[in-house]
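Before any questions on binding or motion, here is one chain by itself as structure tokens, the form predicted alone.
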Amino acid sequence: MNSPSIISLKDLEFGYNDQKAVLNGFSLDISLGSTTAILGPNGTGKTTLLYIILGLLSPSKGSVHILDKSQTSYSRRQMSQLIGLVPQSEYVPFDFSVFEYVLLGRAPYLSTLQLPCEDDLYAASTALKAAGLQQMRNRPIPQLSGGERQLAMVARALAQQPRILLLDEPTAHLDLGNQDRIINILRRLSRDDVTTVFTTHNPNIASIVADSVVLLNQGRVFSTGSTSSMLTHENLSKIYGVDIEVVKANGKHIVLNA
């Protein structure tokens, strides 16, 4: 039996100012507890889609439902408790330590001027450990490498303890070691029944982590289904516009020339 949907998007349309629509007639259901890769070339609306799910962008048409309730019925605070976001990058204007930055993930649970309690500190410490950053907890954020900053953003989102975690190109520009750390975190989230949606233009990352894949093409869902059924020569060649070879190794589909 199929799992119920935790995110349901129907007939979305969205465009920036007077530009051509980024999403056009876009519909999608994300299953509860799934790990879903949103896959497609640059400019197909992957990041825009995440921001619509989060409620930071509003579609001109269509509906967004989270847990069978209209997104508009949630307060901003409720949405922040329910959904976390790991962006591609983030400007941090202050010299927060890594621990202070991760502790910001507890903000949705605190009232104005309320100080973090023991439970908040524990959640932040646990998130640091999950991201492998315990030894860097006192290091200022500006002193981190790009890969370390990416892990810190993931840790902050983990401290938020969301039911849904959105990640925008979480492994882009990372070395193999940090890519492996992100992949292991995504696998752990799946075991913990956190619904995870991540964008990527790299089919191999989708093959390793995701149990379902959504292929985007020109602002529409080209196809969606299990990872193995989506990562084929025919599908990937069509959405990327080049001839792509896909082979199977150790039960995974590997793209050789994306």
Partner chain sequence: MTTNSFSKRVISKSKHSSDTIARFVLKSPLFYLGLTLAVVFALSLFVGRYPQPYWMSPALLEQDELARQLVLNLRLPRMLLAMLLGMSLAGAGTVMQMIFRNPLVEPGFLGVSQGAAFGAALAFVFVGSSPLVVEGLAATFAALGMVLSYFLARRLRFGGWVLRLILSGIAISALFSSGVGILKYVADPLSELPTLTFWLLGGLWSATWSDLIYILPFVLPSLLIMYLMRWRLNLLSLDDKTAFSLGISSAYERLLLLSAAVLATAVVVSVAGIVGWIGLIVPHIARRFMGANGVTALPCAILIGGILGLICDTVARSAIAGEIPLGILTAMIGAVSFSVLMMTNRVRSRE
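Positions refer to the first chain, counted from 1. All values derive from a computational prediction rather than experimental measurement.
The same protein has a further form, the form predicted in complex with its partner chain, not shown here; the description that follows concerns it.
Looking at Gly132, you'd find every heavy atom of it more than 4.5 angstroms from its partner chain in the predicted bound form. Remark: Leu151 does not count among the residues lining its partner chain in the predicted bound form, judged by a heavy atom distance of 4.5 Å or less. Interface residue remark: Ser145 is not counted as part of the site for its partner chain in the predicted bound form, having no heavy atom within 4.5 Å. Using a 4.5 angstroms threshold between heavy atoms, Gly55 counts as touching its partner chain in the predicted bound form. None of 204-212, 25-33, 46-54, 223-231 except one has non-hydrogen atoms within 4.5 angstroms of its partner chain in the predicted bound form; the exception is 46-54. No member of the trio Asn42, Lys69 and Thr195 reaches its partner chain in the predicted bound form with any non-hydrogen atom inside 4.5 Å. In the predicted bound form, Arg76, Ser80, Ile83, Leu85, Pro87, Ser89, Glu90, Tyr91, Pro93, Phe94, Asp95, Phe96, Ser97, Glu100, Tyr101, Leu103 are the residues of 72-103 with at least one heavy atom within 4.5 Å of its partner chain, listed from first to last.
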